[in-house]
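Just one chain is shown here, as structure tokens, and it is the form predicted on its own.
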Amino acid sequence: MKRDSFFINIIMLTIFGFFLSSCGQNSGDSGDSDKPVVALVMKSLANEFFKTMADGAEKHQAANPDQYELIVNGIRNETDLTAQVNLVEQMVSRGVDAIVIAPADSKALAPALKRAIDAGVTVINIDNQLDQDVLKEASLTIPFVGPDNREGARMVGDQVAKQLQKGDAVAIIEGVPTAFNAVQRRLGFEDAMEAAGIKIVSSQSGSWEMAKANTVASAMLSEHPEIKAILCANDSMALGAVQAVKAAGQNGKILVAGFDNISAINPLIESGEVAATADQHGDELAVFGIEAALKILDGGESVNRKTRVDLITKP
């Protein structure tokens, strides 16, 4: 696939994400019935992972229309924290019963979520875990439903390490540094490289975005021509890294890895341009978060839930 088609796809998804973040998708109106209303508040719908998450939630609600109503929201880009805080406040104003949130920032969302809880809204944290010290300081207990990101990244890193030699040089393109899952994925990659005796010569943030990762990867390859692999904390950034590798004339010589298993990465797994990714099953993740919220609303216990993450490689 050519570079232009990647950017066309991402532009189309961004437009779609803007539409959803502006008006939301509703399976009902929060004032129309006695059924609980659950709001799913995600990060950027320009990222296919969150579109998959939204699809999973909508299918679950369609299969259980008598149990609850659903509002789906997302922000335009991964770092638009203000927009996500506004979405939380809008959902509280609309009188939703629960918010299931994949926070853009593990610390900065806490005040908005505290206001939601103080207003009587049940909050479930999915995907990117909220900072436990910040929650403790705010006297908040918010259950987390999601995978062990460090474990998932370690699996991806181990797979890449099998194709390298001890002492080889690699680089890491991280997510947003204030996101817990970004930190955990970086640590997982570091765990794998340390165990294999492989050197990490550069580690920089790509802010979860393809274009930013492309720029970062290009600079890394220029500064460190000895790099044998680039480990990316999500697949959008892996797409950007693949294009940087091609532009440098190193296709087939430098391994790239990602995380999330979006559909755009699948052909690159097949061709070997991407060595591995991890599937954390975003559709299931949303459903498990919704189910956790409904259980609490029905008087059940608030508990954390670890979800699965699978290594994806060429068959």
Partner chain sequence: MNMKRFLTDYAPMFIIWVILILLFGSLSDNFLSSRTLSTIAGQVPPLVLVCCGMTLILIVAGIDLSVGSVLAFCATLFCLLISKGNWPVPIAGLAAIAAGGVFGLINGLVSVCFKVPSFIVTLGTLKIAFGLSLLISRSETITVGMKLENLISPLPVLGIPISFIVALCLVVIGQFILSKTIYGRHLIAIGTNESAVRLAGVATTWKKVSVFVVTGILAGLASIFFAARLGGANADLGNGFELSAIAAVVIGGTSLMGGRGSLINSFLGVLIILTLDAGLAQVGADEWVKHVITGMVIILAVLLDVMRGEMGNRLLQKYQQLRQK
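The structure presented is a predicted model; accordingly, all values stated were derived computationally and were not measured. Positions refer to the first chain, counted from 1.
One more form of this protein should be noted, the form predicted in complex with the partner chain, which is absent from this view; the next part is about it.
With respect to the partner chain in the predicted bound form, the three residues M53, N86 and I290 uniformly fall beyond 4.5 angstroms at the level of their nearest heavy atom.
This chain is displayed alone, yet in the predicted bound form one of A219, L187, A195, V134 has a heavy atom within 4.5 Å of the partner chain; that residue is A219. The contact with the partner chain in the predicted bound form, taken as any heavy atom within 4.5 Å, belongs to L45 out of V37, A275, A57, L45. With the partner left out here, the partner chain still marks one of 144 to 152, 120 to 128, 159 to 167, 207 to 215 in the predicted bound form; by a 4.5 Å heavy atom cut-off that stretch is 207 to 215.
By the criterion of a heavy atom within 4.5 Å, L239 is counted among the residues contacting the partner chain in the predicted bound form. Remark: S263 counts among the residues lining the partner chain in the predicted bound form, judged by a heavy atom distance of 4.5 Å or less.
Proximity of P225 to the partner chain in the predicted bound form falls within the 4.5 Å heavy atom cutoff. The partner chain in the predicted bound form is not approached by I269, whose heavy atoms all lie more than 4.5 angstroms from it.
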